[in-house]
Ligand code: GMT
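Here we start with a single chain on its own, the form predicted on its own, put down as structure tokens.
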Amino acid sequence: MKIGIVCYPTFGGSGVVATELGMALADKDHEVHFITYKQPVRLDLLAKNIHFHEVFVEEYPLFHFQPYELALSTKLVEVVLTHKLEILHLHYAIPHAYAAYMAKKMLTKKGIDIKLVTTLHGTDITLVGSHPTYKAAVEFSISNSDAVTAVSNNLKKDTLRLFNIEIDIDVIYNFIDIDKYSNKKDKECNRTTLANENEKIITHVSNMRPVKRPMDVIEIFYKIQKEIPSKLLLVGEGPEIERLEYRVKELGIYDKVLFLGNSDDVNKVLCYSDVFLLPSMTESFGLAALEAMAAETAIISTNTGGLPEVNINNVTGFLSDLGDVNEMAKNAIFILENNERLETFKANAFKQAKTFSIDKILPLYEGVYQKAIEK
């Protein structure tokens, strides 16, 4: 198949999923075209069957905000015509599915019936899409797709609750390439470069926005390190960083917290980890948790959104109510204080991660594409 993928080219979960999916499809000899405003951070342009098309938005003084949707829809028409694409896979309902629908109508005038597959990732539904400013457009874009998928059962339920949707939604979980993360025993993973031999390593990866509750990470770690010698690795950049730095200095633990910034080698960071903290306000799926589990790391998370579908309570880690930093710290200490118990949780996490292997998920997307084409 000839497939176009439209996504945000950022460190966020949806961009990572879209990029990894495209590269996996290319490995199976599908022709894959990424169409976005910047090269996705994990995209290997030297890989076979991979193509990248940049969307340029011209600056014009009349527009207070530059019309990205218009530029994107025009670019989609161009790429479909030039490369004879069969499928456009849109990651995020807005603006991508909305722009793709405009492209579809333009292509229909030329006698081309491009099929649209929309994947819902979370904030496009629960935070942005449900806002009155965008709700009608999101509802229209989803209902006029040829196929729609959601990354968790919880997100599907939220979508049906918030919108009047006239199309079936298939749940296809996010996935992981296990081979990229199961490197705990790799010689490059030398824990002593970051921590003393008696110290445990706690990790958090996010875009450091308030919705991820990174301040809760600091409060949880503060309680952990009082009981268990440990270091905290923070991966990512975002609006909360300055507040986090101020807080760790205020608590007197600055020497125990490493701010690592953004990284496209998260698997190399996770190979050091014992426990991963994800106290998010909401997670449609919890890709960061899955990546940590694939690296044999126990998970301490909230019980919001799709997280209970990924992190199994008292098996791969623990689930707690939003904001309950005391319980999250208590559960983390329970895991860390006994090495045999810690290894059991790590092993369970890795076993659970394997159920989300890309080898199991990829055929599901191929099936959705085929059904859309045959419509």
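Everything quoted here is computed from the prediction, not taken from an experiment. Residue numbers run from 1 along the displayed sequence.
Another form, the form predicted together with this ligand, is not on view; read the next lines as being about it.
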Which of 279 to 287, 266 to 274, 214 to 222, 247 to 255 lies within 4.5 Å of this ligand in the predicted complex, heavy atoms considered? The stretch 279 to 287
Notebook entry, point to check: Can all three of K2, F34 and V148 be found with a heavy atom no more than 4.5 Å from this ligand in the predicted complex?
Noted result: no
Indicate whether this ligand has at least one heavy atom within 4.5 Å of a heavy atom of S230 in the predicted complex.
-> no
- Task: Look up in the predicted complex whether T203 has a non-hydrogen atom within 4.5 angstroms of this ligand, and give yes or no.
- Result: no
- prompt: Closest heavy atom of T118 to this ligand in the predicted complex, within 4.5 Å or not?
  reply: no
Next on the checklist: Given that this ligand is not shown alongside this chain, does R191 nevertheless sit within 4.5 Å of it in the predicted complex, heavy atom to heavy atom?
Outcome noted: no
If we test each of T297, N174, T302, T159 for a heavy atom within 4.5 Å of this ligand in the predicted complex, the one that passes is N174
Among K226, K105, H83, R209, just one has a heavy atom within 4.5 Å of this ligand in the predicted complex, namely R209
Across 84 to 101, the residues having a non-hydrogen atom within 4.5 Å of this ligand in the predicted complex turn out to be Y92
